[in-house]
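This document opens with one chain alone, in structure tokens, the form predicted on its own.
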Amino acid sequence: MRKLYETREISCQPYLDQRPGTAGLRKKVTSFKQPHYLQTYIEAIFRTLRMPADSSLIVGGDGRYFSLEAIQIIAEIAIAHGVRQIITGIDGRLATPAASYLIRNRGAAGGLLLTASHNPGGPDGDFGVKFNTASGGQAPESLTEAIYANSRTINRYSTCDLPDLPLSATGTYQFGQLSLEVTDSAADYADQMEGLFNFEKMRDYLGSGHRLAFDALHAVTGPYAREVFCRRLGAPDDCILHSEPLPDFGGFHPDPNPVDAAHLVDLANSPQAPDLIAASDGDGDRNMILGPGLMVSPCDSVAIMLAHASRVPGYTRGIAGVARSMPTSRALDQVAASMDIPCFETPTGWRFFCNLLEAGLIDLCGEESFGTSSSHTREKDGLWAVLFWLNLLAELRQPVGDIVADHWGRFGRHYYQRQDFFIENLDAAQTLINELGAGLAGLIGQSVGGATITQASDFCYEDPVDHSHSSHQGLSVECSDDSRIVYRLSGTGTEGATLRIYLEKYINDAGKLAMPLGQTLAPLADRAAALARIEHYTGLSRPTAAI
């Protein structure tokens, strides 16, 4: 009979498909449940990291299907590699920004986050594992590539037998040399937020008849939202929708956007619309902001945050700089220029912001895919963004729509839309990108759809902190009518490929700031489809989704 806690080695065959994407390794649950699949990937992480003896590790995630089994497996491998403390949340749930905070606050060697972010959950859904470094930020590409290289050579892994871990209540438990701490991460997170925002003013705002609706989509943020909005800000319990975390997210696609959360758009357009409507995603790092009659574009949201940052207690000291991903609209650039602070343009992927944050070069950052955050953490933070907007409403005492309209009146409007084309054949998608990229230089000077192409480039990035290079990060086409098209293949799916086309047109004519989005961007969408010959390569005549 095997003894508890006794390290042993298990022989296996390496898997060759464990290359992490922009935010860790994401696969179908069925892939992770293959014999030794998760174990070999975790072994590759530990072999690559070579953590110091007696390290602490944060382990947890969004509570999706297979999470509890994964935490048990990880703990058994971790103790075999000398980890002496694991910190997790109740039922193993940790929102991604809360996990990042715990890593930094507890001085952990890093964190293993079990999430596939906004992807669907359940037995037929997706699962994911990503490693965050001791800074709390996502692992850099050099580290994830080293993990991938190790994963291709794994033919044995070290593990041991542990009793079933008690995760249902807070406490500290000892298993041989391993200390397991189950913490109330929602309370820890709320304490941090109280240091950034004016809770007294927000309590007064909500107590004077203004209403909030926050949809947790049966994902990880339900307990966090209840702690922050109900217990600490005095909002009624029924302001939190779909608050109970479920392994399959209750059938929701936990992605806060107007397609997958169309019911919130309907609420915003109804006579019963609350003053602020918001949602977060599976692991709590994305956000959607709505007010009566409108959804705030994520690109506009981060720009408006910067314009009003001095009104929020945690940012009255000033903003050193800001950053956005390359496909994100240039609305943030306009505000940064007016404040005479730098605005960095990075590739898609939150990890590219982490070096800038760690070096103190930026205090605010955002991306078009509904992610926004600041120097308070090293991950994007959905609830933080909602609190920022709630603090603005409490300060300005204006409706969301008036705040947005005032911003456009001052800085102009960047009409913006992302069109997604889901392509089952990955090779066809890659061929489209390759052919378009090869012909970029020849596009300059061409007249297309009533405008002249002035610039066409394949975006490459040199990190200003560590001077690492990232090439082929998206194709950008700029035109003489203040419009821009960006083409990029997404790295967050688990099947096929998604071609993402980002459409942006800047208008600074007061009489044209309220034109319908679709009408304004339709000619640019036609231009984008023609330039890339989308139907020729994919057979698709229209996008799968427009966000």
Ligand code: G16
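Sequential numbering from 1, following the sequence displayed. Being a predicted model, the structure only gives us computed values, none of them experimental.
Although not depicted, the form predicted in complex with the ligand is the subject of the following passage.
Stretch 362-370 is the contacting one of 271-279, 362-370, 232-240, 307-315, since its residues have non-hydrogen atoms within 4.5 Å of the ligand in the predicted complex. Put simply, of Arg413, Arg324, Arg93, His118 only one has a heavy atom within 4.5 Å of the ligand in the predicted complex, and it is His118. Although the partner is absent from this view, Ser31 stays clear of the ligand in the predicted complex, with no non-hydrogen atom inside 4.5 angstroms. The shortest heavy atom separation between Ser55 and the ligand in the predicted complex exceeds 4.5 Å. Under a 4.5 angstroms non-hydrogen atom cutoff, the ligand in the predicted complex lacks Ala529 among its neighbouring residues. With a 4.5 Å cutoff on heavy atoms, Ser100 does not count as touching the ligand in the predicted complex; it lies far away.
Contact check for Arg286, Trp350 and Arg500: all three have a heavy atom within 4.5 Å of the ligand in the predicted complex. Within 4.5 angstroms of the ligand in the predicted complex, the stretch 374-397 places a non-hydrogen atom from Lys380 alone.
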